[in-house]
Ligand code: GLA
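Only one chain is shown below, in structure tokens, and it's the form predicted on its own.
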Amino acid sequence: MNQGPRSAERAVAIFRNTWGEPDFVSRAPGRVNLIGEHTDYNQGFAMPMALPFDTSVAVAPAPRGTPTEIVSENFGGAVLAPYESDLEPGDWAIHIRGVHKLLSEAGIIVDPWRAAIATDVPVGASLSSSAALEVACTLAILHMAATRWSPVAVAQLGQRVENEIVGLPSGIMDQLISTVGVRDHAVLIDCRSLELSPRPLPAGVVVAVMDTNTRRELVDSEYADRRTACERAAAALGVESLRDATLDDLVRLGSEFDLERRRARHVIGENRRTVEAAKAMTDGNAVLLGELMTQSHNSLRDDFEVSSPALDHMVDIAHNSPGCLGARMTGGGFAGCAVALVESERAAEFSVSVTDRYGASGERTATVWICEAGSGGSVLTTTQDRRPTPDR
């Protein structure tokens, strides 16, 4: 993650150095999922929180006769065609091009513009840097078009970019929490009805996000295989999705469905754990919340098989560090970050323990952030004015 000025200030600085003064900045946060993993595309429950790490896009109209140009602090520049057609999967700007293309097809067409992008969301760390970019760019284009969409509609467009443009068959959780995040709260999401229920963390605890500094591209992983296995399990059980199945139903799956049974057991159990975790938060029961997070990791590791040696090692270290009430991998899996629930008074001690013990092997170092929940995406008139403009 970039150090120094936050992303909005850096985006403005890049814009000034490249073109002059921007008109506005749009921003959207990354997320950490406390519990409810691989449930969103099964129409289940998830409980993420928006992070205090943003992706910011500083924007102004381009001079007449010039194209739409984007410059990123990490990836260089790109030119957007008026109507994007064939998009290359390896293009760093594919998420931006996807937003531009789908909004154009929806009739949201604006004059050429210029934008500078900066981010505080670690890329590839399972903290939804792509969703933050999609939401921030969508809000920017809608703002230029003087058009208002609901947060759910913005999230759905971002999900379409992932599904139709990038080729990742993901659910809506990442984009939705990036649009609807509530400061100091996680949000229980019913991924079927899209009903949202903000829940505060219990008193006396904080969330620690722990980066293993391993990376894997989800499109190149077995993510799609997991979704397909869930769909096969639901079809064999005769239900619309695994949201509608129970653990007792799994005895009806024959031996030829052993893989599907294990995948379904995770999803069904994870939905139950997520609902129980939401109640634990309402009740202020931090111990139970931590236990449910740990159970979630064990299920993701053993039944869903999306953990990794680095993630398992990080979770084990967290469990054996001061003040930890529970820990789990977070995000799609295979690499990236884990998350822990930690007693507030021992957070600094916890961070030192995790960093020191993870780095003891000498292979790589850990990065630990103690995080409060941030707010959903918005459009800012200046970097000093952190309030949304009236169209949000």
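Start at 1 and count along the sequence shown; that's the residue number. Bear in mind that the values here come from a model prediction, so they are computed numbers and not experimental data.
Beyond the structure shown, there is the form predicted together with this ligand, which is absent from this document and is the topic of what follows.
- Note on contacts: among G171, P202, P198, P151, the single residue with a heavy atom within 4.5 Å of this ligand in the model of the complex is G171.
- For this ligand in the model of the complex, the listed stretch (348-356, 38-46, 61-69, 362-370) containing residues with heavy atoms inside 4.5 Å is 38-46.
- By the criterion of a heavy atom within 4.5 Å, G336 is excluded from the residues contacting this ligand in the model of the complex.
- When contacts are judged by a 4.5 Å heavy atom cut-off, G332 counts as touching this ligand in the model of the complex.
- Within 4.5 Å of any heavy atom of this ligand in the model of the complex lies no heavy atom of F257.
- This ligand is not drawn, but in the model of the complex it has a heavy atom within 4.5 Å of Y223.
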